[in-house]
Structure formats: C-alpha cells, structure tokens
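As a starting point, one isolated chain is supplied in structure tokens, in the form predicted alone.
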C-alpha cells in the first residue's frame, strides 16, 4: 500500500474529516501520520492490510474501545475510525507530546531519566496503569519496549499501541514481540493478563538494570539467535540471569556491567519480585506465581522513598547503609530516624526516613486503595534542623491530623508543622504514623 500524500482528506465514521499533514513513522502493522482532526493536531495509524491478519477484528475492537473511552490519561486511546481507504482503515489518537521520549531511546542510552526517583516514578506509572487495565478485565497481549513514551524530568508515562487491548476471551491473535513474550506464549500459548505480568517484569528489569533478565552468558553464547535458539532460551529453557540456584546463565563482568552496577541497588523486596517472576516455577509451571501489580506498586513506592537529596551536597543519594553515606560526596549524612506508616487490617506499611524534604504520599496512607491510578500526591513533608538533631512533619494536606503527647490529644491543621518525638503517633487519615528517633 502506498503512503498517503500530504493534504489528503479522509472521512471518519463519526462524520468528521481529517487532513494528512506529514508522515511520522512506519511500523510493522502500518503507517503513522500527523493529521488535523476537528481543528486539532492528532496522529493517524493506517494499517497495512497485508501485514494484519485479522483486520476486521481490529476494526471492531477499536470501535468498542472508542465506545468505552480511555481507561486513564496514561493511555493514548483511539478517538475515531476512518472510513475504508485503499482496502484498509486507520484510527485517530492523540499525538505524543514533544517532551516525551521513546523508551527505546533510554535503553539505547540516547537520553536518561533525570534521577533514580524519576525512574521509579516511571515504573510506578507503568505498573499502576496496567493494574487498572487488568482490573477492568482487559489484557494488553503485546507488551514490550515500544509501548511507552516517557517524560525524562519526572518519569511520567504515556502508553501507546492500545489497539491490541481487549477482553481475554477476545484475543487479537498477536502473540507479542520476541524477548518480551512469556515462555508459554513463545511455545504457542495465548496471551492473557498473566503473560502481561511477565512482559511487564521484563520491561521493569530493563528500565532499572539495563540488561535482559534472561540474557546471561548462556543465552549470549549461542552462534546465532535463530528460531531454534529463540524458542530454547525464551520458551523451553528460560533461566534468570540472577537465578539463586542455577548460575549457568549468570552475568559476565565485561558484558553485563550494568547488572553489577544496578542490581545491588535494588531492595530485597524488589530482588524477590524479579526472582519470583523469572523463577523456573513461575515461567514453566505456574504463571499465577507472577507478582501482582499491587505487589510491584508497594515495592516501588518503598524503593522510591529511599531516594532523596543529600543534606550535605544536595545531590541525589540512596539510603542503603548504616551509617548512611552519600553516593555523590562520600560523606556521612544524618538520618534522624524513621516514620513507620502502620498497616490497617493486614494491609501494607511503609518506612520513611527522617531526612529533609522527604514526603509522605497519599499512596503511603491508602496503600493504593482509593484510586486505580497512581497520582503521587504528597500529604506531609519532613523538616529537619540538623544542628539541633530535631525533625518536624509539615501538614501539606487539606485535612487535620491528630497526635497525642502526655495523654493529651492535639490537632495539626494544614500548613502547620508537628515537632517529632520518639514514640509519638500521628493520625493521618485512617493511618497511624509512628515516630522512631
């Protein structure tokens, strides 16, 4: 199919029209153009009929997606369909904002997120978006590195290529992308929410560790990664690069430098979730063992809490030692204690270091229960006076807090700061936050 010329006008099923402004890119399934639609810039994906086996399925599925509407603002969702053109059709969607980059550009070291805090934010945005998608009864089916646009300064994420999204009982017929498919899909199985979770963990591992979780020395020693070896290493005999028992596919110090630099930065909980995902049991025997999205959300939120600006040099550092030493200036800096956000009815709790400007977020308190999409809303901020060894917690929410000292209960109104004392408990919302100094 020939590309569309600039200025071509196409009608849509909603009775609108669009005008082709410029060509953006060509992919395996079709062409992407910048268009004008309802007087606004938009993107048009026009399918290659020879490249898509179930073209009618995609048309009907996208029409249903348009009827349902975008699951959240993290998804670049279809807005309208074109009428048939040259034995095919296309769909209209929002354009990627210019400040967002392809995930591939990060993986290829063409650019980098502004901080590890932003990187963890990115992961939280991705995981919570797929948590929402799965809770709505959908499977993505083709989750890979090409599905994300990322804003470098803060880790905000937009998810593209949502034409595959459908209920599990109505699959697209597309298995996925090599190296991202779960072993069961590599061996001919059908993608679903469980296999999405495998692909999601691969993307997270690449984001944080910058190497593939199954591509250790054993996988990289093959003469050519042809269909036989692809099936062998990603389907029949997958082996985690950090498998705690079988080290035959472990890292090489010359090839996997990022692994040796970044894997030690992961918390034990993060390591456990990766190890569980890429365990022999989960990959080859029981896919229900893949971690749930809420488990990743909790681990990532705690992980992000350990990144903050060093009180001495103002550069990002990471709390991973006692006494704490800045990764940038090499000096020991003071941590005045910890805030423990206590769980309720068996729900999760969090630890927050008492370091200047570290925040308590809404998700620390509600454990991701009050919203289906991660919003990262701060409710409290730590204030410190290092010279005096004192710390306070500022109420930057819009509700009152309550705390007890010497049997008397006091109120902390918004914009007020509570001086922290060892053992005191502050009631924030429906959670108790205990001070350990």
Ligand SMILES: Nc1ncnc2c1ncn2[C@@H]1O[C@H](COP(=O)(O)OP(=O)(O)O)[C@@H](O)[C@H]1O
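Numbering follows the first chain given and starts at 1. Keep in mind it's a predicted model, so treat the numbers as computed, not measured.
One more form of this protein exists, namely the form predicted together with the named molecule; it is left out here, but the text below deals with it.
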Where, among 122-130, 220-228, 95-103, 265-273, do residues come within 4.5 Å of the named molecule in the predicted bound form by heavy atom distance? 95-103
Which one, 353, 189, 167, 146, lies within 4.5 Å of the named molecule in the predicted bound form by heavy atoms? 146
Quick check on this chain: which one of 39, 407, 28, 69 has a heavy atom within 4.5 Å of the named molecule in the predicted bound form? 28
Is residue 32 near the named molecule? Define near as a heavy atom within 4.5 Å, in the predicted bound form. yes
Using a 4.5 angstroms cut-off on non-hydrogen atoms, would residue 367 count as touching the named molecule in the predicted bound form? no
Examine residue 424 and determine whether its closest non-hydrogen atom to the named molecule in the predicted bound form is within 4.5 angstroms. no
Looking at the partner-bound form in the predicted bound form, is residue 161 within 4.5 Å of the named molecule by any heavy atom? yes
